Structures are given as structure tokens and as C-alpha cells.
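The chain below stands alone, shown as C-alpha cells; this is the form predicted on its own.
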Amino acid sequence: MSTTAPEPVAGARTGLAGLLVVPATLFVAIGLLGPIAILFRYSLNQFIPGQFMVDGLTIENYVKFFTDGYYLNVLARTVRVAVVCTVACLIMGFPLAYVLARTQSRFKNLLIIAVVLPLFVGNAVRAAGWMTAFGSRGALNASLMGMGLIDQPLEIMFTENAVLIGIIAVNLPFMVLTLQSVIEGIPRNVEEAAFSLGAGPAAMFRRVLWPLALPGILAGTILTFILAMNAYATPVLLGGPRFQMMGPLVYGQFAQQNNWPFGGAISFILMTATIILTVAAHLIVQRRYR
């Protein structure tokens, strides 16, 4: 006796599933795509001091960005910081995620909570904490000078290194949680079979664990890269006014310069660069995986 559902019933279920998607689709379209479309229209306007914004259809804001070395350096710095932070999060997060996924300890839930706990604190608050640690009289310099390891305070604040540390600390939990959920779905006996066939830890990682965990690696790297590209509070507080990234640059055009057309253009350049780099990395990794 066939157990296949009749075609009308299957069609009704498909239609019901489609209806359930409609509210979320409308919400995204109205709440996200609508403002993006308006912002793109603003980016094609002209900015004249004293008149705020003049309607028009011009690409002079985009030309201004790509013909000015300052803005190109800001974009390059943002990409560099995002790549370094993503790689660092992957290198540090994979071992921790593996331990969380494979541990049989009764304290596993506490360990996961310890990873999630920093997410309960805002980025600005965490950046302020790093400021107290990295300051010329902060905890780090005071400890090193107290132990006699340095004679003068280290210049950490308002440098790229401080921004890197702050962004890595913000993004690391996202990488760990993403990898941990994927590694938990990999059967442990697959690793044991690799060891029984003579593979060492490095060979098992390279030929078994890494390929099977690749979906989580892709998801984690994409998530952390996007967050790093669009970081705002950490670069502002730890980098200072001289260290510019795209996020603070966009805010400065809107809130300080009151130049909405150019701010809209920078926003779209940031979004486009993020999407292009993310898709390119995804395609490269997928091709290498195949």
C-alpha cells in the first residue's frame, strides 16, 4: 500500500508553507530593502553646504570616493582589519570550539555560558574596558612596570593593534558558537576510524575534521568578517579620531558633516565591498573543497 501523500494535500502544504513566509518577507522588504533603496537614491544627489541636499542623478559622490587616496586608504584599512580579525578568530576559535563540542564534562553548559556571557555586554562597554587596560596608566602598563619589565608605558591605545584586539574579542564568541554546533554534528567514530587507519592528529584534522567542519567554518568566517567590516564602537573608542574605518567614516558624514549624499555613497561602497569579498571567499573555499 502506497504511503505517498495525494498531490492536492502536498500542494496545500506547500501553499501553507509559502504563506508562512510572507510576513517575514514583507518585514524584510519594508524594514530593510526600503531604507536601503532610499539611501541609494540619496547617494545620487548633490551636496551643497547650506542647502543640505539637492535632488539630482549624479555619480560624483562615488567618483569622489574612488579618486581620493584618503578614502581608498580607509577602505583598504577596513578590509585589512576585517581579514586579520577573521583569521585570528578562526585560529583561536577552532580549538576552543572543538573542546566544547567533544567534552563530556558536567560543566559543559557552564563553559558554553562563559563563551556566550560577553555577548550580554555592549560593544561600547567592552571597548571601554579595553581602554582601562590599554591606557598609559592602565592595568597592563601598570603590571608590566610594577614587574620591572618596561620603563615607560607602552603605546597601545589609539593604534591598529588595540582595534584588532577589541574587534577579535567582540567577534570570537560568534566564531566559537558557530563552529561548536557544526563539530558536534560530526560523529566521533569518524575521527577514531582515521586514527585506526594510521592517520596522525595533523592528518586527521586536515583530511577528515576540516572538510566535515567546512560549513561551520564558512558560516563563522562570513559572520565575523561582516561584523568586523561594519565595526563602529571599537574603532572609535580604541582607535581614536586618527584611526578611521568605514563604519565611523559613514557616521561622520551623516552626523558631523551633514553630507547625506556622500554618506549614502560610502554606505553602499562598504556594503558592496563586504558582499563581493564574502562571495569571492565563499566561492574560492567551495572550489578548493571540491
Partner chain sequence: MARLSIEHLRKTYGDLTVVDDVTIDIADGEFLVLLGPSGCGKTTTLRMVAGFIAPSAGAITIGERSVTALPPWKRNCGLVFQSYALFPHMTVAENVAFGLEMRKVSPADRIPRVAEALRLVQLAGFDERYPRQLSGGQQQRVALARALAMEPDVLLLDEPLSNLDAKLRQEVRVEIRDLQRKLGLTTIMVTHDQEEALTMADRLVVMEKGKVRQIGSQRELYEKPADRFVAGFIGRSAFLDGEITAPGRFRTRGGVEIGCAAATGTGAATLALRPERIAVGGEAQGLHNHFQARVEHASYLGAILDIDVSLSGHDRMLLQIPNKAGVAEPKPGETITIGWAEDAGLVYPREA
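Owing to the predicted nature of the structure, the values given are computational and were not obtained by experimental measurement. Residue numbers count along the first chain shown, from 1.
Below: the form predicted together with its partner chain, not depicted.
Interface membership of Gln152, defined by any non-hydrogen atom within 4.5 Å of its partner chain in the predicted bound form, is ruled out. For Glu184, no non-hydrogen atom is located within 4.5 Å of its partner chain in the predicted bound form, even though that partner is not displayed.
With a 4.5 Å cutoff on heavy atoms, Pro95 does not count as touching its partner chain in the predicted bound form; it lies far away. In the predicted bound form, its partner chain sits beyond 4.5 Å of every heavy atom of Gly122.
Only one segment in the set 170-178, 133-141, 189-197, 105-113 has residues whose heavy atoms sit within 4.5 Å of its partner chain in the predicted bound form; it is 189-197.
Put simply, of Ile165, Val83, Ala101, Val208 only one has a heavy atom within 4.5 Å of its partner chain in the predicted bound form, and it is Val208. Think of it this way: in the predicted bound form, its partner chain has a heavy atom of just one of Val87, Ala76, Ala203, Met145 within 4.5 Å, and the residue is Ala203.
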